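In the block that follows, a single chain appears as structure tokens, in the form predicted on its own.
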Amino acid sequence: MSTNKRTYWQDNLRLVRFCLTIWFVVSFGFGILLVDVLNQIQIGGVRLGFWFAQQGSIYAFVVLIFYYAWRMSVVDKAHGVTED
């Protein structure tokens, strides 16, 4: 594999690892492991742990989708692999 392809693939994997880490922290960490701690905080009358488990993780996933698409286009342009 050429150096350019290898660095492109490494950049891609680094981005995927970052997104999966955020996904894990928000869904498993906030929604399951830290739910009791977060439930001590209330915002608008709703316990924060419950909110993360039910809605916060969904919002985080949508933000991650847009972030991944934007960041991957930056990586593509940096390596000359654009779809334009």
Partner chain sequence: MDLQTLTYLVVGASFVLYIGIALASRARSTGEFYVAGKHVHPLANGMATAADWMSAASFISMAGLIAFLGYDGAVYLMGWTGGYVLLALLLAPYLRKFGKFTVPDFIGDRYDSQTARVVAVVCLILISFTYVAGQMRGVGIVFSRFLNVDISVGLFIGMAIVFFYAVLGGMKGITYTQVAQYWVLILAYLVPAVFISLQVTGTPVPQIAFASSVVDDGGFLLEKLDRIVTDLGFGAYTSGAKSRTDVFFITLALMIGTAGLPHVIVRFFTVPRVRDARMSAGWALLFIAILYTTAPAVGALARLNLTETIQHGPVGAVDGNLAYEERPLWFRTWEDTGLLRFEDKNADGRIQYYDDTNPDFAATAREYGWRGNELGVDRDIMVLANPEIAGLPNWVIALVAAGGIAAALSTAAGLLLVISAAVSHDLLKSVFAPEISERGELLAGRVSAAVAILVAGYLGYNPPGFVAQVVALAFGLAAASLFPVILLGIFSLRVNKYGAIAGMVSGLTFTLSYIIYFKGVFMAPFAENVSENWLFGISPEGIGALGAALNFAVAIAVSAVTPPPPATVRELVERIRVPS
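Numbering follows the first chain given and starts at 1. What you see is a predicted model; the values in this text were computed from it and never measured.
This protein has a second form, the form predicted in complex with its partner chain, left out of what is shown; the following refers to that one.
- By the criterion of a heavy atom within 4.5 Å, residue 38 is excluded from the residues contacting its partner chain in the predicted bound form.
- When contacts are judged by a 4.5 Å heavy atom cut-off, residue 11 does not count as touching its partner chain in the predicted bound form.
- Heavy atoms of residue 3 never reach within 4.5 Å of its partner chain in the predicted bound form, leaving it off the interface.
- Although the partner is absent from this view, residue 78 stays clear of its partner chain in the predicted bound form, with no non-hydrogen atom inside 4.5 angstroms.
- Counting a residue when any of its non-hydrogen atoms is within 4.5 Å of its partner chain in the predicted bound form, the hits in 23-43 run 23, 24, 27, 28, 31, 32, 33, 35, 36, 42.
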